[in-house]
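Just one chain is shown here, as structure tokens, and it is the form predicted on its own.
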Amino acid sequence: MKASRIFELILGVVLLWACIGLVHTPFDPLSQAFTAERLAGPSTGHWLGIDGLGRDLYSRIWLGSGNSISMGLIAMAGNLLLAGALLLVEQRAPGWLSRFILSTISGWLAIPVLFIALILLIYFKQGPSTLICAVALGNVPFAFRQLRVLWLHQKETLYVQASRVLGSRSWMLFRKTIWPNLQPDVVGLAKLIFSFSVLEISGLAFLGLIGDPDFSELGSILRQNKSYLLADPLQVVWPGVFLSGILLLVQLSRSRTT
């Protein structure tokens, strides 16, 4: 079995574990039921210890991992849908509109995700949905350019030209000839966008833009626990380890498809 396949299986287990954390954790992540044990280290009852407010850290990180992953997946899906729609319009539009879209994308590349998030926060409430929208919009230029390169390459391949000569058109050409060859690259791109999305959402949450200070998300947990860095460094280390581990698994699992 290839190493990348093993990492994909491990990633699948981690994703399943994170999804379970959205509906069940050993303790209530918001309950300050262990104030007498504040900043206590790992134990058999509390695997990662107790945070500074008396909450079970493992439960918070478990739920936080689920929230980070689910937000990243939603942002990735929205990003690819927007980029794909723009590519479809650009490919079918008249020359002037196509050039306008390409020029807009070039300018869009210079706009950081943080700036987009701040603009959205002028009009919308702070919260996970606003951060998801900001990250999805911020990565559109990158996804668009990558998809466009892949699409233009596929259009010029000999097997696509042969299919056209044999009479394949439109949807049938895409479904039978282009998509099977395009799919591995799109899956690899989706994993890369997912990694970007998780990291950017956690970064924005760390800056406090998620609104609710008690919202369990890995970046938000890092922000909450940074005041305990000197008293108990593990309060910061554990969320960072889980965030880095998720991104590392995604990166290692990409090698088979890219």
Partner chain sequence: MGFLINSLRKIGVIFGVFLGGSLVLFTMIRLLEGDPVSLRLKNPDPELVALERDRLGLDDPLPVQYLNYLGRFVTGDWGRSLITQRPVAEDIASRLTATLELTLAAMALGALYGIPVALLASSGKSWWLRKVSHGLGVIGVVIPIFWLGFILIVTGSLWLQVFPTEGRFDFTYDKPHVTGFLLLDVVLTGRLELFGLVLRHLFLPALCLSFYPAAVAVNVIHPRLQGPLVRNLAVSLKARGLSPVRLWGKHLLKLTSPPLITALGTNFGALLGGAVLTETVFSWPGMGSYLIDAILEKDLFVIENGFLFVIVMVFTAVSLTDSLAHRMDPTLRKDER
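Numbering follows the first chain given and starts at 1. Fair warning: this is a prediction, and the values are worked out from it, not measured in the lab.
Another form exists, predicted together with the partner chain; not displayed. Remarks below refer to it.
- Proximity to the partner chain in the model of the complex, taken as a non-hydrogen atom within 4.5 angstroms, holds for one residue of Leu53, Leu199, Ala40, Ala190, which is Leu199.
- With the partner omitted here, the residue from Pro26, Pro213, Pro233, Gly45 that has a non-hydrogen atom within 4.5 angstroms of the partner chain in the model of the complex is Pro233.
- A residue is said to contact a partner when one of its heavy atoms sits within 4.5 Å of a partner heavy atom; Ile61 fails this definition for the partner chain in the model of the complex, lying far away.
- Among residues of the shown chain, Leu158 is not one whose heavy atoms approach the partner chain to within 4.5 Å in the model of the complex.
- Although the partner is absent from this view, Gln126 contacts the partner chain in the model of the complex, with a non-hydrogen atom inside 4.5 angstroms.
- Although the partner is absent here, Gly203 sits close enough that one of its heavy atoms falls within 4.5 Å of the partner chain in the model of the complex.
- Contact here is defined as any heavy atom lying within 4.5 Å of the partner chain in the model of the complex, and by that definition each of Ala110, Leu114 and Leu229 is a contact residue.
- Partner contacts here mean any heavy atom within 4.5 Å of the partner chain in the model of the complex, and among 68-76, 177-185, 148-156, 102-110 they occur only in 102-110.
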